[in-house]
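There is one chain below, alone, in structure tokens, taken in the form predicted on its own.
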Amino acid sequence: MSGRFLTDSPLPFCGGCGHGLVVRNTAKALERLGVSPLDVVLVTDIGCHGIIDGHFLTHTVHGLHGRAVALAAGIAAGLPETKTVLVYVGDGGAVIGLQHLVEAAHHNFDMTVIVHSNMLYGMTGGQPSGATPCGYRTPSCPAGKAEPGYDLCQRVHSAGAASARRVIGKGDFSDVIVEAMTTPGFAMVEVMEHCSSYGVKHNPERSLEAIVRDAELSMEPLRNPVTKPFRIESRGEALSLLAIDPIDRRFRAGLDRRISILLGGSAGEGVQVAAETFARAAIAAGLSATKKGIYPVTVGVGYSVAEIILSPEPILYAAAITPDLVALTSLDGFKYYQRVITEMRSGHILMDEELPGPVTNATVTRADIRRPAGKRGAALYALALLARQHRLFPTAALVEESARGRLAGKLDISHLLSQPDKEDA
């Protein structure tokens, strides 16, 4: 089938699969509505139905398993009402993302969800899903599913969906899709299908009508009172994500090659802010700089480490494979980088004097870092000491940078350094 909404390529489904019928009815509904393909966004989930992406001539977004509804909600919230947002999801993806489905219905996002309900996971071997009706047989459940499945239409209706309806996946049901797409707010159509590879084979004597009847799934439309669809209100001109304050180059660096620096400390001790401040100071001295932070989800406890790269040339590969310099301010950081330290064959490690002695071929220097700087200032102080010792860039740049931003008024790095170098441009 071809037309304004589909390519000329054959549909990519197994012979007899109900997904193809859903696609053809969707295209027919869009044709009847007279909308432009470029005014339609189709969001698909993981599953057999999702391989249709390349066949639609609309905008398409392929989501993670169970997350298509959440993606579509974000899209619908920001688009004007002249646009059409569709979601294709299987019964498996609908159950995996059931909370997304319920929340989208509850908030009344302006979107139409079409559930390809073939009552099993067709892409992974025919396992039953949470929406598989009681008694329905699959390869991994040959005696039939023992418990009832979720009634998806009833779930979204209870959550506040503007419209929810179940249809048998036979013939022309494009009028149901048209009705759903013209309903203001959240609408869902659950299309009951047989998987031609697994469902028909294991349930040869049962019609879709009989399965729906035996499962006591209603075919009646479910509607809630009309409410205003959810949209993000315009807040005027939005700030660009690329609107970054430029860093003036006011100093001159002494570094003539690319180096990588590892900073190891503890969560809650300002490690990431210190690394960012250090990188900005390097940029102010004319260098290119990158910074990558690593820390656990428990951001207030455990390790917090950073990888910094400095170079007089543009940095095209931002990874510290073999560190040149390492600064360690706490036992958490020491333990995190212990393996890296052991494998170092050269380079310099600066560490707080209270930390245990490492096994390494790198040069090791111990210093009193945490006591004079405190736990919140140790990371920046250690980096400042490395900058001074290896003449990476003037520490005056670091003093100036630390006096602004998130460290302003919190740390007097100039006092710790006593006499920061004065070399400037």
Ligand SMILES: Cc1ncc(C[n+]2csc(CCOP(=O)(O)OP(=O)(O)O)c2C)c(N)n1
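Note that residue numbering begins at 1 and tracks the sequence as displayed. Owing to the predicted nature of the structure, the values given are computational and were not obtained by experimental measurement.
Unshown form predicted together with this ligand; subsequent notes refer to it.
> Does the 4.5 Å heavy atom contact test between residue 47 and this ligand in the predicted bound form come out positive?
It does: once this ligand is placed as it appears in the predicted bound form, residue 47 has a heavy atom within 4.5 Å of it.
> Hey, in the predicted bound form, does residue 92 get a heavy atom within 4.5 angstroms of this ligand?
Yes.
> Considering non-hydrogen atoms and a 4.5 Å limit, does this ligand approach residue 82 in the predicted bound form?
Residue 82: no, not in contact with this ligand in the predicted bound form.
> Flag residue 304 as yes or no: does it have a non-hydrogen atom within 4.5 angstroms of any non-hydrogen atom of this ligand in the predicted bound form?
Heavy-atom contact with this ligand at 4.5 Å: absent for residue 304.
> Heavy atom within 4.5 Å of this ligand in the predicted bound form: which of 121, 136, 334, 251 fits that? Just give me the one.
That would be 121.
> Looking at 83-91, 287-295, 105-113, 260-268, which lies within 4.5 angstroms of this ligand in the predicted bound form, counting heavy atoms?
Comparing against this ligand in the predicted bound form, the contact stretch is 83-91.
> If you look in the predicted bound form, which residues in 58-77 sit within 4.5 Å of this ligand (heavy atoms)?
Only a single residue, 65, comes within 4.5 Å of the partner.
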